[in-house]
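A lone chain, given as structure tokens: the form predicted alone.
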């Protein structure tokens, strides 16, 4: 009977654990996690804080009891002291303070990521919060219940920061959104798209402070202002949303690391040390757009990596297809989706880049309740291979991005889309729809 130790019951760890327990009942599985809960869907934090959903009960999809019912040994609120990779032993302390030593045949590291904490004077003041765990959501919500909290600074205008800014504004507070970049969502979309999101945010009351660098938090016991390179602003609360870093503490001195500190893995999720696997946000991925190892921290990537590792750990060889980093956001009803590389990212990666873009109504002009759609397709000038795509509209356009995700994985060229069989019906689209037209007008 194979002894499998899983460290971390986050999305990746949960996927790995369930795959092993459901498909390989003879495996002896021990699960360690330092948290008190399992499987919190952080993507729902902003929805709950903004009161777009009533409670958090639906944001959990698994539990320690579920794993125990499947015969796993589960130690919640356990702290891992160290791992002896040579002797294959995990040393930990359980929630009651007892020392625990667990041998393993195979080890899966699902230690996730940690919020990036900026080295800024005043970072330790009260009413400054990170956004990551369920406990963080509880603290933020409790603070917003205070009638004295009127102005909230959000540091970071990526996906989480923009979503939190919307949530804070929906709670009747003033939301001040800061980012060193001069536009929101700069890592995911080119400027043609982000200018629309910035206008959308401003129109709905979010105060944009883009192109500003926060250099200090001021206050006595609690924060009462943020200082940037352009001014000082009175605030009652700060929410940090500037990104995450891989949590590599347990293996950074023993395993090969990627440039950002993530555990470097192959397509079977194997690390540089035999019988040790890494999954989720602590590990690398293979980018089909770049055709190279990369780091893309998304829950979808985490779940797939957990499934792949689980089968390999149990003797069934399985390789990842690689990823495109497909993602999306919906703010005040404006929907944006992307996959692969932006034009800027592709250029920075060394590609000779071309792009094509198109804007038109989703449906024929005679249809009421009809909104415009923007699309941009990024491709390699030499090979014509599609490298990325971005789509945005007040219409529901999200499913179209999945086609582009598959196109990147399968190395489809921009020319292959020009005469692609795409159906037409006025209820849904136009006969010469935006995908067809973008491809036809490509250089």
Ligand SMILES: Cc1cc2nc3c(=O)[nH]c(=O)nc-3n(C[C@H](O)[C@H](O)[C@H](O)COP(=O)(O)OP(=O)(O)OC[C@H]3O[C@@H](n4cnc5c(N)ncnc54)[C@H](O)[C@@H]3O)c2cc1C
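Residue numbers count along the first chain shown, from 1. Just so you know, these numbers come straight off a predicted model, no measurement behind them.
What comes next is about the form predicted together with the ligand, which is not displayed.
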query	finding
Single option in 349, 123, 298, 186 placed near the ligand in the predicted complex, where near means a heavy atom within 4.5 Å	298
Single option in 398, 35, 416, 63 placed near the ligand in the predicted complex, where near means a heavy atom within 4.5 Å	35
Heavy atom of residue 273 within 4.5 Å of the ligand in the predicted complex	no
Close approach of residue 338 to the ligand in the predicted complex, 4.5 Å, heavy atom	no
Residue 112: touches the ligand in the predicted complex, heavy atom cutoff 4.5 angstroms	yes
Close approach of residue 310 to the ligand in the predicted complex, 4.5 Å, heavy atom	no
Partner-facing stretch of 64 to 72, 38 to 46, 405 to 413, 372 to 380, counted where any non-hydrogen atom is within 4.5 angstroms of the ligand in the predicted complex	38 to 46
12, 159 and 244 all contacting the ligand in the predicted complex, non-hydrogen atom within 4.5 Å	yes
Interface residues of 363 to 379 toward the ligand, as seen in the predicted complex [heavy atoms, 4.5 Å]	none
